[in-house]
Ligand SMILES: Cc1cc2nc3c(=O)[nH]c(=O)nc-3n(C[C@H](O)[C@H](O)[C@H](O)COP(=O)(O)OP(=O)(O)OC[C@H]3O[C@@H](n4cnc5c(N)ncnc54)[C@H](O)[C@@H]3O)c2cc1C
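Take a look at this single chain, the form predicted alone, given in structure tokens.
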Amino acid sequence: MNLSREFIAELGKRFAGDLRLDVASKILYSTDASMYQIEPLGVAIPKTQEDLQAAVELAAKYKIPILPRGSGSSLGGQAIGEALILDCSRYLTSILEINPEEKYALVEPGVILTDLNRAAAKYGLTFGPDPASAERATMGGVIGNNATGAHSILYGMSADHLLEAAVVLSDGSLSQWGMVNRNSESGSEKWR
């Protein structure tokens, strides 16, 4: 499978980021920290959330598989595949807010976990999960893989620390997911 000229042309009109279709880029993105190697169809590096949405929307329109990727610290091959790689680790790297009073942070998917913890430490806070790849792992990947780490028994998994997520759906639309109801008797939570 190859990316069609129509897809490339339409994405080019709506995408401010980098689209890499050269052999060298494909080879670089064909591996992660696992033992596997699979060449992608291409690599899209979005500069903005709108870029990310456009890439997902057009990939759905042209029936192109997508694969979000951070730093490629996956040990199980999750960051590679015959798909359009969406690399959020280059430009979508901002810590938008740290609220020490309410104990939350708002981050883009390319933020490195260690960078978040350094910024949060100024307020006596930390993101609990501590995977071994924390110095390279992006928050998008940490959340997408529900990362844990050596102290997960004490601090829990990533899902235990996620309050809300702005999610790009398969058609490119944006949705805000978060807890909408808590049943105090059973302790169960409902997400939308």
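Numbering starts at 1 and follows the sequence shown. What you are looking at is a predicted structure, and each value in this text was computed from that prediction instead of being measured.
Below: the form predicted together with the named molecule, not depicted.
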Looking at the partner-bound form in the model of the complex, is residue 137 within 4.5 Å of the named molecule by any heavy atom? yes
So in the model of the complex, does residue 116 come within 4.5 Å of the named molecule, heavy atom to heavy atom? no
Please determine whether residue 131 contacts the named molecule in the model of the complex, using a 4.5 Å cut-off between heavy atoms. yes
Mark residue 78 yes when one of its heavy atoms lies within 4.5 Å of a heavy atom of the named molecule in the model of the complex, and no otherwise. yes
Please pick out the stretch from 37 to 45, 139 to 147, 119 to 127, 53 to 61 that is in contact with the named molecule in the model of the complex, where contact means heavy atoms within 4.5 Å. 139 to 147
Report whether all of 3, 19 and 25 sit within 4.5 Å of the named molecule in the model of the complex, measuring from non-hydrogen atoms. no
Even though the chain is shown alone, can you say which residues of 63 to 90 have a heavy atom within 4.5 Å of the named molecule in the model of the complex? 67, 68, 69, 70, 71, 72, 73, 74, 75, 78, 79, 88
